[in-house]
Structures are given as structure tokens and as C-alpha cells.
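Have a look below at one chain only, the form predicted on its own, in C-alpha cells format.
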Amino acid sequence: MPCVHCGFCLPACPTYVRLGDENDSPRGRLYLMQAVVEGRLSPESDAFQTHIDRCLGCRACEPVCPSGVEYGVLLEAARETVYRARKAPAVVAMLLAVFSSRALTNWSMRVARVVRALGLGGLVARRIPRNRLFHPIRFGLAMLEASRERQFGSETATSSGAPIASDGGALDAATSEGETSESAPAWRAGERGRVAILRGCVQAGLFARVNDATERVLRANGYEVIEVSGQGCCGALHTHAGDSMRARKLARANVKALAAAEVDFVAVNAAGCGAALKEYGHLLEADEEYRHTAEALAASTRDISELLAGDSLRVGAPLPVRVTYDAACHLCHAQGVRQEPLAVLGAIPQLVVLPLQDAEECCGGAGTYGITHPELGGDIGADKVSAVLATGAEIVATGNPGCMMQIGAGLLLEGSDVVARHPVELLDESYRRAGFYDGS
């Protein structure tokens, strides 16, 4: 449906709120897109290039649009036009090339893990001057350090009354009543279906622990997990950058590998990757060989929280820590998955979930945005970090590796001990303490 210029999207758009420029709002960008399509504006023009590039792609405008404009789809088409009209910045071109190649991805992830293991990321990041020239290096190293696995906090958190959900309401009674693992249902192996896990690129390279936790939690909840070879990067980074040719190539490889596994569901624990897989049907709609298979794969894709949430979710052992939940953009806006992650946290007794102001606003990461737009991305990220610190939480839980690294880097550079973790990691630790992985 066409944009009717109602303006409902304006207060939902992080860039418009901060810049106040109509061209940096969703309806303003739609106007620029229309001007290019009608030939009134060149795709090489600074206006088109600048304002399309400034968009975070968070898609916060979609849920509030009364006309149902599919802004994300239109933005990707505009980004493809931008990409063809001008060369991408060097850092973006390098990243796109690396993640297009499985060999280069594996090599770069190995190097990153070595740097992380030596503790160089955090050490160097804190000593680099805070200025625009050094920002990509400084923040990049801080993001790498933020991916490091850390302890769950003091584990002595106490609360008065029921824990609070991020929307201000109380979580499920199981959390506040301290339901024990004995009262949770025990599933037979594979009783709830066959599942393949999208391992991803950054997720597999820097957050393998999240993939491992995902597998254990799925098995504990009655799913049979099938290992699928031949899969790789989902292509989300390329789609968002306008490099649709490489995005389609990566999508075809995943469709071929995952479809051959003949599973009931494809589980994804990265919000951006999940949104990408769910839109494979659109990405490959012109590909007669892969189109129908891509649509079927998209229909079977689920965020990990979607597979777990519900009355059948096993309740684990107590994990007394204070947590706040950040809703990753491509989970809440693009996929419409909002309550399921909270339900996952609700299966953890004594976990205190504190409300986060503007929990559904973008953290400023948005793929390469935090590096390519250091000032604006930094302002948006700083607001998120301030909101997290204001909660008094020990952990910020969020369902996307980019958000974990973006928020985690901001916290680290502020000298905070608050860490970013995936919700499934918390449930996994709760299950470990409950003894679910010892044959129960």
C-alpha cells in the first residue's frame, strides 16, 4: 500500500528524532525513492545517497504505519540502487568481500578469536583516543572484546515482589514463585520435531557458545537437532548494504543445504539472520530454480524463542541475577517477535527482569552502521547504554550478535561491568544448574 504521508512514522524513526530532517524520516526517504523511480532525481545524487545511507534499517516505522507500507523491502531496493550507483566505502567493501567467502570468513574469525583470547581488544580500545579518526579501530576492538564469554554476575541478586518484564508488567508466576525443575515436563528425544540450527558466520565465529546453548536447550525441550553442513552466512549484511548479487548467492547455498536436511524447523538465534531467512522467498522470487524451496524454508524458519515459548517450556533452576531485556530491531519490528523472549526469561526462577526505557529502539549497530556513521550511530548507541545503566541490571539480554557487540562495546568503553548475553544463554545456565543435561 502507498505512503499517505500521515507522519506516524516520524517519532518512531531514530534518525529523524535526532536530526529533525524530513529527508531522514521514513516518509522522506520514500519520497526520495519515488523521485528516483520517476526520473526526477539521480541515484548518484548526494541527497539520495546520503539520506538512504543514514537509515538504520531498524524498521521501527513498519509496525506504526497504518497503510502497511513494507518499508524494509523498499529500502533494500533503494540500497541496491545506491550500491550500483557508487562504490561502497572501503571498510564496507572489505567486510562484504570477507563474508562472501567461507574461507575468508573462517580465517578472519580465527584471527579475531586469537586477538580476543590475548585480551588485546579491550586493552587497546581503552587506550585509543576518542576521536573520529580512530573510532572504527577503537570501537571495533571494543566490539570484539564484548563478544568474550563472562560470568553471570554476582548471583546474589534479590528482589522484593514479582520480577518485572521489559514492558512494565510482571513476568510469569513461575519466575516469582520459584517453580522447581521437578515440576517441569520432561520430553522424549525428538518428540517435538526435527530442527536444524542456522550456525551463521559471526555467530559461529565469535558466539559459538550461543549456538551450543541453543542446541542443548532445544534438546532439553524435546527437539531433535540435525547438524547441517554446507550452510554459511545468511547474506543479511549484503542485503542491507545493497549487494544483492552476493546476498542471493549466499541465500541459494543456505536454501540448498537446509532444504536437503528435511527438517520441520530451522532455528535461528540471531535476529538479523532470522529476518533474512524469513524473507528468502522475496529475495529469490525471480529465481525459478530456488523460489519455491526458498519460500518453504522461509515458512519453516523460527527464532529460537518462538520454538521455546509456551506452556511446554521447561522451567529450570534458580538464577538470581538482575537482567534487562533489549528488543533487537529485526526481532521485534521485522519478525514481530516480542513476548516470546520474555517467556524464555520467565522460565528462569529468581531471575529479575528490569524494565528498559525504549527497549525497542535501535542500539545504533545496524550491521556496519556503528562504524560507518560513528557520530550518529554513537549517539544512538550512547542512549541505549545510558538506558541499560539506569536499570541497575547486571546483564543486558538481547537476541542478536550485532546488538550484543554494539551495546557491550558501549558499556565496556564506559567502564561498566554490565555484560551483554543472549536470552538462551541464561536459560541454558538455568538448565545446567537444574541437571537437565545429566540425562534428566
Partner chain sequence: MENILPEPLTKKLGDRLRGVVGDAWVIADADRLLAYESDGLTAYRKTPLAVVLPRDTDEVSRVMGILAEEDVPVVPRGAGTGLSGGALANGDAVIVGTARMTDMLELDPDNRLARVQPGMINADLTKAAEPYGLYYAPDPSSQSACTLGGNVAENSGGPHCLKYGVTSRYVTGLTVVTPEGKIIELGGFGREPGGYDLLGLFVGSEGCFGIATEIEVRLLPKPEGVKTLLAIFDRLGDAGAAVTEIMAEGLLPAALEIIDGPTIRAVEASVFAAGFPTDAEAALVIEFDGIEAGLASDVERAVVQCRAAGAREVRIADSEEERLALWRGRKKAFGAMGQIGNDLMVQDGTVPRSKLTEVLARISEIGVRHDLTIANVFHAGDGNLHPNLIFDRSDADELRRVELASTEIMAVCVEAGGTITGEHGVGLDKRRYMSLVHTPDELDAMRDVKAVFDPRGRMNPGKVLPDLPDSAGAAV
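Keep in mind the model is a prediction, meaning the values are calculated, not measured. Positions refer to the first chain, counted from 1.
The same protein has a further form, the form predicted together with its partner chain, not shown here; the description that follows concerns it.
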item	value
Stretch in contact, per heavy atom within 4.5 angstroms of its partner chain in the predicted bound form, of 319-327, 67-75, 333-341, 215-223	67-75
Single option in Leu413, Leu32, Ile407, Cys58 placed near its partner chain in the predicted bound form, where near means a heavy atom within 4.5 Å	Leu32
Contact flag, Ala382 vs its partner chain in the predicted bound form, heavy atom cut 4.5 Å	no
Heavy atom of Gly28 within 4.5 Å of its partner chain in the predicted bound form	yes
Contact flag, Tyr431 vs its partner chain in the predicted bound form, heavy atom cut 4.5 Å	no
Glu375: touches its partner chain in the predicted bound form, heavy atom cutoff 4.5 angstroms	no
Members of 35-70 lying within 4.5 angstroms of its partner chain, judged by heavy atom, in the predicted bound form	Ala35, Glu38, Arg40, Leu41, Ser45, Asp46, Ala47, Thr50, His51, Pro63, Val64, Cys65, Pro66, Ser67, Gly68
